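There is one chain below, alone, in structure tokens, taken in the form predicted alone.
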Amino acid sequence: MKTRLKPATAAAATALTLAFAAGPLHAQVGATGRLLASNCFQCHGTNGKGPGFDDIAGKSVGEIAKKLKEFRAGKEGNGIMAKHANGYTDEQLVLLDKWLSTQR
């Protein structure tokens, strides 16, 4: 005999399934942001904070992406940061920015 779930139970089961599936997606965004930010560490230190150039760890969300977009637009000249910024899509800048904002 086949058991059928009540509509409310089926909806709850679907919601739980989606909630658990979102966990790996959130982890992937973090992993992708970290991978993208790994290019920054040679100059800005491990996790964006350390000896070298400006600390980029722990900035507010949006601050790094905004600055990189300014570099990309040529507002800071045509230096190394402009060249790095041109290597990222807008989506990648957001992922990188979000990850760096979580670093302390």
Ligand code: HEC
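If you're wondering where the values come from, they're calculated on a predicted model, not measured in any experiment. From 1 onward, residues are counted along the sequence shown.
FYI, the form predicted in complex with heme C isn't displayed, but the following is about it.
**Q** Give a yes or no for Leu95: in the predicted bound form, does one of its heavy atoms lie within 4.5 Å of a heavy atom belonging to heme C?
**A** Output for Leu95 is no: heavy atoms all beyond 4.5 Å of heme C.
**Q** Does heme C get within 4.5 angstroms of any non-hydrogen atom of Ala31 in the predicted bound form?
**A** Ala31: no contact with heme C in the predicted bound form.
**Q** With the partner left out of view, is Gly77 within 4.5 angstroms of heme C in the predicted bound form by any non-hydrogen atom?
**A** Result yes; Gly77 sits at the interface with heme C in the predicted bound form.
**Q** Asn39: heavy atom within 4.5 Å of heme C in the predicted bound form?
**A** Asn39: contacts heme C in the predicted bound form.
**Q** In sequence order, which positions of 36-63 have a non-hydrogen atom within 4.5 Å of heme C in the predicted bound form?
**A** Contacting residues: Asn39, Cys40, Cys43, His44, Phe53, Asp54, Ile56, Lys59.
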